[in-house]
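The chain below stands alone and is given as structure tokens, in the form predicted alone.
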Amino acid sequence: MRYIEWFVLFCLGACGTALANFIGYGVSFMDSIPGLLVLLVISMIAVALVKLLPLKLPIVAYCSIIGLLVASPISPVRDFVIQVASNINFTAPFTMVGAFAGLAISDQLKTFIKQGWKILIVGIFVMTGTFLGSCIWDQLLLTVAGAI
């Protein structure tokens, strides 16, 4: 995809996130805009790095690395980034992610159905294992940290 297409998609995602942030968490659109712009810039830089750098990492990895760098103590924009990003409830974008995932598999529904009932069993085991693994890991770390 071209950069303009990525930008338009990210803007649509930002609008959906702002709406979910407003409806679900009562954060006004004006309070969400600076945080969404920061996230949009980070995302666009990640898209550019994927296309320019020879190291083939997914866009999500580049977004994470850039986000960590701009929010780290060595960053001159750290305070601003943390302040505006704190207005975005990061569970709000899950609504958009679920919608995009549904759209992404909709054209491959026949392939999904051909997998048969076995794919449902595998899916249940994967989701259950992920949930239980996360719970065990969290319990361990919170116990070691003395939080519980």
Partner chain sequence: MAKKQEVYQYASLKDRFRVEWKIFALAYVFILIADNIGQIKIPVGKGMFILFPIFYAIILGVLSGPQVLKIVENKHVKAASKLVVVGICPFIAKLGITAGANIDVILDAGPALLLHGFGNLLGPLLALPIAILLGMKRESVGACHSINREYHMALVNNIYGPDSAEARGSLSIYIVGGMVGTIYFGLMASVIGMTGLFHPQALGMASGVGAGIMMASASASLCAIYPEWADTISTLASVGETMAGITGIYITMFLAIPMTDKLYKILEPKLSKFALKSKNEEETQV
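Being a predicted model, the structure only gives us computed values, none of them experimental. Between two forms, the rigid core is the largest collection of C-alphas that superpose within 1.5 Å. Numbering follows the first chain given and starts at 1.
We do not show the form predicted in complex with its partner chain, though everything after this point is about it.
> Is there a heavy atom of residue 43 no more than 4.5 Å from a heavy atom of its partner chain in the model of the complex?
Flag for residue 43 set to yes.
> Consider residue 28 of the chain shown here, and say whether it contacts its partner chain in the model of the complex, taking contact as heavy atoms within 4.5 Å.
Flag for residue 28 set to no.
> Please determine whether residue 76 contacts its partner chain in the model of the complex, using a 4.5 Å cut-off between heavy atoms.
Close contact is absent here: in the model of the complex, residue 76 is far from its partner chain, nothing within 4.5 Å, heavy atoms only.
> Could you confirm whether residue 34 comes within 4.5 Å of its partner chain in the model of the complex, counting heavy atoms only?
No, residue 34 is distant from the partner.
> Who in 102-128 is close to its partner chain in the model of the complex, meaning a heavy atom within 4.5 Å?
The stretch touches the partner through 102, 103, 104, 105, 106, 107, 108, 109, 110, 111, 112, 115, 117, 118, 119, 120, 121, 122, 123, 124, 125, 126, 127, 128.
> My question is whether residue 116 is one of the residues whose C-alpha shifts by 2 Å or more between the shown form and the other one, given a fit on the rigid core.
The answer is yes; the displacement is at least 2 Å.
> After superposition on the rigid core, does the Cα atom of residue 141 shift by at least 2 Å between the shown form and the other one?
Superposed on the core, residue 141 moves its C-alpha 2 Å or more between the shown form and the other one.
> Superposing on the rigid core, is the CA of residue 25 displaced by 2 Å or more between the shown form and the other one?
Where the cores coincide, residue 25 shows only a C-alpha shift between the shown form and the other one that is less than 2 Å.
> Taking the shown form as the reference, report whether the CA atoms of residue 65 and residue 142 lie closer or farther apart in the model of the complex; the distance changes by 3 angstroms or more.
Note: Cα gap between residue 65 and residue 142 shrinks in the model of the complex.
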